[in-house]
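Alright, here's a single protein chain in two forms, structure 1 and structure 2, each given by itself as structure tokens.
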Structure 1
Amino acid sequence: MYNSRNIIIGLIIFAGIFTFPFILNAVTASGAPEPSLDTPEINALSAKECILDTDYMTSNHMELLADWKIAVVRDGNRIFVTDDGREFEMSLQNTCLECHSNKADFCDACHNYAKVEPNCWDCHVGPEVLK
């Protein structure tokens, strides 16, 4: 091989860049978080289900909250009616956090894992502040 010194250095840099997720994760990776449902309000429920289907809520809760914000702030509509006719107040603090009062173990569990910094708490008051 010609210019083998430069080529080998280049290839080591290449391999380093494209394998470092393996090396880093082998050292630091932890398992996926399990958002805790252990709050007095949820434990008191007979059927442990959110206002909508859990799978839908896992993927789309941010969309739902964004829709709620528009409905409340722009249209003045504070009542959310599910497909099967149940009614909820569209409120992060009064509805969501009523059951999920454990923000640190519920919201933050996944958000920290996925490094998401939602802008909810720019305006809303988190439960840890309320206490």
Structure 2
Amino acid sequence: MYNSRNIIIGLIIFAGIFTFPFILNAVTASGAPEPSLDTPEINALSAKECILDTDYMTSNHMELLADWKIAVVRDGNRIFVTDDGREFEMSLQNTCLECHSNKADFCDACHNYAKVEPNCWDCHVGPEVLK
């Protein structure tokens, strides 16, 4: 091969350019934020449990809230019954924000990390306005 030196240099440059984003992400990536559960309402609870399982709520709260919106607005159903028979009002402000009143430390921390802009506050009054 007459150009083996140039081919090897080209392959090394290509490999460096191709792997650069992966290496950069591995070096600069930070872990997901841990939502703060330190609110007076949560601290006053004897049993610290959410409406549904914590793992489910972490990954599927947006589907639950969307289902609640449809049930309340379209069907007029305002009560959510869990599998174990507990009843909750389907309300972002009166149920969710009753315990998770620290929107900046709870909601915003994860939404900013995931670069998600929920449209909850287009219709609902944020907890910082309620105080």
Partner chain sequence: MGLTFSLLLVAALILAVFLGVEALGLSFLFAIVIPYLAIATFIIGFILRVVKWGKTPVPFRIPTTCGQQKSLPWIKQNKIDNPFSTAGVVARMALEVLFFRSLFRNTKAELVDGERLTYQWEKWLWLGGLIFHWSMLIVVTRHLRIFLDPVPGFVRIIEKFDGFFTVDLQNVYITGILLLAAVTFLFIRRVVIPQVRYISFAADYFPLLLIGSIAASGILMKYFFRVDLVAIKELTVGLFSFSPVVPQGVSALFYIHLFLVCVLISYIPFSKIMHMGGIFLSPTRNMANNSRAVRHINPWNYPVKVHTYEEYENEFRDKMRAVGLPLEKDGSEKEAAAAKE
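Throughout, residue numbering runs from 1 along the sequence of structure 1. We call the rigid core whatever largest set of C-alpha positions still superposes within 1.5 Å between the two forms. Bear in mind that the values here come from a model prediction, so they are computed numbers and not experimental data.
Chemist: Quick one: identify the form predicted on its own, either 1 or 2.
Modeler: Of the two, structure 2 is the form predicted on its own.
Chemist: Relative to the larger rigid part, how many degrees does the smaller part rotate between structure 1 and structure 2?
Modeler: Value for the rigid-body rotation reads 48 degrees.
Chemist: Keeping the rigid core fixed, what distance in angstrom separates the two C-alpha positions of F14 between structure 1 and structure 2?
Modeler: That residue's C-alpha is offset by 5.9 Å.
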